[in-house]
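Below, in structure tokens: the form predicted on its own, a single chain.
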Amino acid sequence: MARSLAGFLVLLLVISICEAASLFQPISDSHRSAALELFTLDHGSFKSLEETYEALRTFQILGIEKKPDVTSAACRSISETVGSSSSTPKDLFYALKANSIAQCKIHEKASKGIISSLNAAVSGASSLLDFYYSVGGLVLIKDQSSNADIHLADAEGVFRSVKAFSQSDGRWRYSSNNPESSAFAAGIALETLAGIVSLASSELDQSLISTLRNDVSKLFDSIEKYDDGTLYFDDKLVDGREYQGPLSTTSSVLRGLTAFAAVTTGNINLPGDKILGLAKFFLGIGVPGDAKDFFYQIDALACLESNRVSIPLILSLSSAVISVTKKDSLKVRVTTVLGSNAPPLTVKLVGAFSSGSKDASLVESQELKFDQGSGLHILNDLPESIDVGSYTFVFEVVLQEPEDEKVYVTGSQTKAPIFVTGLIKIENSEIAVLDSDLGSVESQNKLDLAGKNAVSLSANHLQKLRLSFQLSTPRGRAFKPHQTFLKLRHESKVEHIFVVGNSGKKFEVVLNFLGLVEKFYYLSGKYDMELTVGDAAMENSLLVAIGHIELDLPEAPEKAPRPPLQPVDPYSRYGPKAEITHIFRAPEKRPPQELSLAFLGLTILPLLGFLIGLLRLGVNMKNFPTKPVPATFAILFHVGIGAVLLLYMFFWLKLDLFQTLKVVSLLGVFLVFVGHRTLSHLAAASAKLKSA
């Protein structure tokens, strides 16, 4: 039962921390393990070039070295795609995407064919996705071919064609025929326009770029928000396409924003808190269980890691549980979303509040000490005002270099749930039987609740039982645990539970048996006593047997309530039964071996006499068939008779009755068949002799 209590308290601790958690952890090894499980090969390769690119890109971002070797299969598929005249712009786009990581060699002739095909696709594009795949393919082939001089002939015209799909709220349409707009399409459009800017032979009209910056600001004005500052984009069903969830939509917008910021000069006017809110969204979803969603998460975090708008810095804790008894240190780490080191900065603890309390901060502002070796900011000693319990710590991250403030964003303040545990002192524990009228102590026992107890008490219905003890924290303050109750269990398994009340440090429960006789169902006899004191912050929670009390209660009236039927333990009903042992009767004494052999000889004598009689009388072979077929059946008949005699011998020596019956049934069918044929021949021969 102690193990069950410990498990319950650990669960309570986890739930209480998770409910208050507003802190996010950067990418860890759990993501790397999940990537290898989610991106699995199908007969040595991935199912499509799109999936190949997503797997390779994910492995590249996470720095996974021991990944499946798909280079040869990927290069073969890439070569087939770029060399085929029937490949669509989408096929070429993902082939070039995969090749940007696989680094396969593409022949110059194939490159020229791709460029010609994609240029024609740009000229004939009529939807946003047409522009996205064709322009994106040209950007990729330009990056991969150092000798290729690729430009759009009318980059500004193409830019305006794509811009025509934009809406006043910053969202975009997939085509001019569809009035519905989408944030997912906005991300695709930004990425496409960034590609057009990079492919332009001359600088585009800056008014177009300014207008696009305003569109980005409008798009972020419609962003969704959670109470903890997490931000994300969401879409409705658009153009009959499959619903794009918040993960894919937000990832698309981030990818487009990063691409657009990389090819334009000047800053995009976006508050740093919005970038930080997007980082919280992608880190807060944990590890997705779908390969596509996993790629969206990792790719978006890579965009946050390297974008030119703002790079978010994430504050995380080495442990959210600190023991004051063990004098644990508070350790804080500040990194990027992918776990890279942050620039020089200072971490300050600016406030600490009891969970659910609106009182003033329990601590004064103090700076954490930075450890160069571990990269942690450490507070070695918790303030005396921090005792066992649940708290919310407030941290402030300050960049040391002014230039870093233009690149990184830390947010104003970061709240982190902290759970402080410790060993609780248990003192002045005693149990006593009191006289009901005078309240005088009739018998009293000291208890060691941290050790073993075997108290034996007795009382009647005119007396009381009192249990009391004191609890205090390592700092000497009063401690009130979540669970404190006394259990009395009758020998008939009927249980009664009583809450132990408290006033300050002292906990006390008084049971007046006169008022409890009906609750006890007038059951006299032995009651085992058990005390439970438990709390998630209490390192020495206990479930201890105190002893027993013998109660003498009056006889139950005729209409008194009966004790409830106790549930039958299913293990005792359906579990394994006790092993049945049986001693067999000792075998009877057998006769000497010589006597048994003599008896065997006597049983064989009649058979020997029969054989000798046959020899002396002579065997009549006149009627034995002479023709081959009848003679064969006659021989088989006699062989069958011999086999039956041999089977009798084996039955005597080795076989049991069932085995013998199986064999003799087969031999019987055989003997009936061959015997019938033999007797038929003899009857026919006899009839011929009589007619002659």
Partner chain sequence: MAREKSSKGNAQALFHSLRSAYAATPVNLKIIDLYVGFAVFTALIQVVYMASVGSFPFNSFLSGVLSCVGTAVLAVCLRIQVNKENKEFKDLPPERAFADFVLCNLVLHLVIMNFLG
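Every value quoted in this text rests on a predicted model; they were computed, and no experiment measured them. Positions refer to the first chain, counted from 1. Definition used throughout: the rigid core is the maximal C-alpha set that superposes within 1.5 Å between two forms.
Separately, the form predicted together with the partner chain exists; it is not shown, and the next lines address it.
- Of the residues Lys452, Lys109, Arg590, Arg573, just one reaches the partner chain in the predicted complex with a heavy atom at 4.5 Å or closer; this is Arg590.
- Taking a 4.5 Å heavy atom cutoff to the partner chain in the predicted complex, the contact residue among Phe46, Phe59, Tyr53, Phe637 is Phe637.
- Although the partner is absent from this view, Thr632 stays clear of the partner chain in the predicted complex, with no non-hydrogen atom inside 4.5 angstroms.
- Among residues of the shown chain, Phe624 is not one whose heavy atoms approach the partner chain to within 4.5 Å in the predicted complex.
- Although the partner is absent here, Ser306 is not a contact residue: none of its heavy atoms lies within 4.5 angstroms of the partner chain in the predicted complex.
- Contact annotation for Leu614: at least one heavy atom lies within 4.5 Å of the partner chain in the predicted complex.
- The chain is drawn here without the partner chain; in the predicted complex, the stretch among 132 to 140, 541 to 549, 596 to 604, 403 to 411 whose residues come within 4.5 Å of it by any heavy atom is 596 to 604.
- Although the partner chain is not shown here, in the predicted complex the stretch 665 to 680 places heavy atoms of Leu671, Val672, Leu679 within 4.5 Å of it, in sequence order.
- Taking the rigid core as fixed, one finds a CA shift for Asp29 smaller than 2 Å between this form and the one not shown.
- Pro587 shows a C-alpha shift of 2 Å or greater between this form and the one not shown [criterion: core-superposed Cα displacement of 2 Å].
- After superposition on the rigid core, the Cα of Arg57 moves by less than 2 Å between this form and the one not shown.
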